[in-house]
Every structure is written in C-alpha cells, then in structure tokens.
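Take a look at this single chain, the form predicted on its own, given in structure tokens.
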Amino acid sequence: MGVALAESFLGHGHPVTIWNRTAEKGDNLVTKGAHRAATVAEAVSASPITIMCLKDYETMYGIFDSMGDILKGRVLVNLNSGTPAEAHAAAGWAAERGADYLDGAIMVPPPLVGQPDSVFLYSGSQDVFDRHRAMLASLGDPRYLGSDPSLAVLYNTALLDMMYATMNGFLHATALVASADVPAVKFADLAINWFMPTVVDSTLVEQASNLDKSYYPGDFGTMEMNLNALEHITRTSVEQAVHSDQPRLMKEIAERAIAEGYSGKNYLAVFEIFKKPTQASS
C-alpha cells in the first residue's frame, strides 16, 4: 500500500521522499523519481506533510517517538488501522509534539489507489484537511468526516463489519443452495444482480431515516414473523448439513429483540439490540 500511495503522488507531479524499514522496497520508486531518505527523520524533514501507512499505532510510536522536536509545526496524516480509542490517543500524542494531525482510512485495495472515485476517509482538524485537500485528492476521493479524530477509523471498521457480514451472508446462502448442487454462478445472478439491489439495498436506503428515529412499524412484517423465517433458515441449514452457527446467532438476536418488547415491530428494530453491549450468558 505504501508503494501505491507514493506512486500516485509521483504520478500527479508531487516531489516525494520515501522511507521504509526495508529500504529495498523503495527501489522501483526511486527509479520513478522518488528520493530515498536514509532515516525517518530525513524523510519527515523533507516536507511539511508526512503520510504514514504502517501496521498499527504502536508501530507509529516506535518509529516516531525518538525524533524529538522534528515533528513540531509539521502535518502527520496517519493511514494506519486500529480502534477509535487508539486514534484519539494518537491525536493527543501528535499535539504533544506540536504536530497537526489527520487520521485516515484507505477504503480501496492498492491497485485502485489514485483513481478519482477511490474513497479515502479523513477526520481531525478541518483546517489541516482543507489546506491539503488538493494534495490528498492525488490518492482518490478525499471524504472529510468531522473534527473527531476517531471518525475515520470508526467508519472504516463499520464498513468492514458490513462487508464481512454481507460476504458471510452471501457465502452461507450459496452454501445452502450448493447442498442441492446449484452452481454459485447461477445463484449469484439472482442473489447479487436482483435480490441485493432490488430488495435489500432499496429497503435499507428507504428505512435509514427510521433508524435515527427509532421508528419500526410492523405493518408489513413483525419481529415474530422474521423469527419464524430465521427458525426455518436454521432448520434448513441443519437438514442440508450446512454450517448453522450464523443463522442460529441471527435467530438468537431476534429472540432477544422480542424479549425486550419489539415483538410487534419490524426486523430493523434489532438496531436497538445492536446499540447495546452484548449480554453475558451464565
């Protein structure tokens, strides 16, 4: 990913100084015009803004903690991944060293870096974002989320949560029909090309405002009805000898919603369950 970021900056005509703990990883970038710094301090000193793409926040501290006052008056844009608490701590760490700070998240794989519709998320100082937006646009579509430095990593985590849940849903559904020798390609045509955009996506877009209002009318289907469907999915999984933990968990969540008084509400009322901490079982 670091190579992809540097290549995109070079491709947009920016002077680029690179540093990596494994120096030879930058060989190809040097042939394209990047300057290779011998130390991280030299790299930071070469520009008023430093883009970091490291494993995690602890790695960042390990690299930058010994640099003294060199960060003072400079801008750090952190494209690591981690948790909201870690992002808040990193913003405080940067402020103690006199550096302006943006936390960010890369929402595309390396081959898509630099494409105009590739989304990058940023949070922290709006002034810093506004001053460097044109430069950040070299990487893709920069989206500013707000002054809370944890928002970028929180959005990133939430979107990945959605991605994995959606992929698991498709994979489990495909495993169900595969138990009857239905090819994945045949099922995907119906599931992805019709069902997702026509039924699921349109429903979520239409109902998103109701989530903000905690409004879940059960006129067209109650939680009890949905529990019945989830029970059928779980039983079918068992009958077809397909892994049943995922539908069983969804059934348990619906059961909790009913226990908490949402029996006559629609299925989106499970949003109220998700907003609460997990209950420990005894």
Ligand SMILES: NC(=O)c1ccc[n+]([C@@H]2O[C@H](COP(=O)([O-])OP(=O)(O)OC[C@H]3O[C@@H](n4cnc5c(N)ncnc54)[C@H](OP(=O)(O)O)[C@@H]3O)[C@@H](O)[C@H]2O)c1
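Keep in mind it's a predicted model, so treat the numbers as computed, not measured. Residue numbers here begin at 1 and follow the sequence given.
We do not show the form predicted together with the ligand, though everything after this point is about it.
For the three marked residues, T59, S81 and P110, a heavy atom of each sits within 4.5 Å of the ligand in the predicted bound form. Stretch 59 to 67 is the contacting one of 242 to 250, 31 to 39, 59 to 67, 227 to 235, since its residues have non-hydrogen atoms within 4.5 Å of the ligand in the predicted bound form. Put simply, K25 is close to the ligand in the predicted bound form: some heavy atom of it is within 4.5 Å. For the chain shown alone, N20 is a contact residue for the ligand in the predicted bound form, at least one non-hydrogen atom being within 4.5 angstroms. In the predicted bound form, the ligand lies within 4.5 Å of some heavy atom of I106. Proximity of L54 to the ligand in the predicted bound form falls within the 4.5 Å heavy atom cutoff. Although the ligand is not shown here, in the predicted bound form the stretch 179 to 194 places no heavy atom of any residue within 4.5 Å of it.
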